[in-house]
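Starting off, we have a lone chain in the form predicted alone, written out as structure tokens.
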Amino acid sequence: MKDTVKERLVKLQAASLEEPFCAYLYDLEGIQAQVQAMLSRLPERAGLFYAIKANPDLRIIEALLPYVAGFEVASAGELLKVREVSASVPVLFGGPGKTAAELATALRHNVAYIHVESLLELRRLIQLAEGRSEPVRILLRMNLRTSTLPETGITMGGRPTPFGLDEDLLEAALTILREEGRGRVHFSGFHFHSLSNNLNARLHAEMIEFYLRKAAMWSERYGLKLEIVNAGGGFGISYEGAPPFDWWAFTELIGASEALKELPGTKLWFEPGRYLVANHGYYAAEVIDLKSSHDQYFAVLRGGTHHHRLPASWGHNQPFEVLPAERWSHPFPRPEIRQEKVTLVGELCTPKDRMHANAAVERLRVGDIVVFQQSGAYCWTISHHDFLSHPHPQFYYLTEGNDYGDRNQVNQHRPQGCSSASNGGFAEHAAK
């Protein structure tokens, strides 16, 4: 964890009122630096989009705006969040259950491409596109019939799923485009997103090679102009000590891809989410009690899975660090444990509210801060925030420059008419 993150969290806790401390901190500088490093390794025809489902925080979208090729959204609500930041940045619109109203919203807000996932969706879009001066550009999302995909905990292709078109429906989709969609919908290429959180860079590159060869084969068979192959995301984050995804090895393999060389006019796009932001978010929760039960220790936190659901959802132990805090104003002894194993739990009335089981700690006291690392993706936004109606955490942002202390100061320093993240500093807002 960055020293600046540690220092800031300790200061924020010390400055907080009598309530126990609970907050997210997002390192916007770290996100920007990582994306710049990733872009420096991409092949010339490759593009990087951010899938905001991983974390749709507006300050993160603002921070990424100058660097990514655009954003991928999976709902009209996510689209409107991007448009709040920029009216013109390219947006890719995906999702397996788009309603007619959502498709109409996508057209009104000028999305760059729509990922079509069913024949019915294609027909809906053709109907909505009637009378437009320019055709709607689409990518057909394909569910491949193959058993060669890497194994991960989340798989959306190569097996029965609600995602995309089975490849044996491709000819039917192209017939609809030719007979019903001419002048309204323009086929631009294929979209593939078969799995999530893959840690094996070599296997991921082999999967991309397979995508490219499939797309080239279909292009030749059906006489298609293949402008884009969108290979989705799926680059993994290691939460429990496994070797991390090797972006440098992956991009070297992609740069040497024979299948890509055989498609000289085709762009290759990626749309990762968690890989861009997971390692640059921190969830800090103060220890409010220490208990011994049946010869096991439990640390109860101000917070828990209603703020940070990822470890409960994925069944892993979230990595953490203990930040000692010296604040203790009570006349009775301060509970503590030394050289023990402890399970970190939240404040909810459910035994499933666990963040890390049987963690070895050198020292832990009531009032110390437990900082859960790698908490930038799929943590706050997938959580059941209002279960038991506990307070929401605060949100802070690590940037370069001035130190903004509250939400009003952030808004005052944001230029009128835009949402630039260039002002910098630490900023805070109360979660809505």
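One-based numbering along the sequence shown. Just so it is clear, the structure is predicted and the values come from calculations on it, not from any experiment.
Here the subject shifts to the form predicted together with a small molecule, a form of this protein not shown in this document.
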Exercise. In terms of non-hydrogen atoms within 4.5 angstroms, which of the given stretches 268-276, 77-85, 335-343, 218-226 touches the small molecule in the predicted bound form?
Worked result: 268-276
Problem set entry | Single option in G164, G233, G303, G281 placed near the small molecule in the predicted bound form, where near means a heavy atom within 4.5 Å | G233
Exercise. From the list S188, T251, T105, N197, which entry has a heavy atom within 4.5 Å of the small molecule in the predicted bound form?
Worked result: N197
Exercise. In the predicted bound form, do A51, R141 and Y378 all reach within 4.5 Å of the small molecule through at least one heavy atom apiece?
Worked result: yes
For this session: With heavy atoms only and a cut-off of 4.5 Å, decide whether R354 touches the small molecule in the predicted bound form.
Result: no
Exercise. Though only this chain appears here, would H193 touch the small molecule in the predicted bound form if you measure heavy atom gaps against 4.5 Å?
Worked result: yes
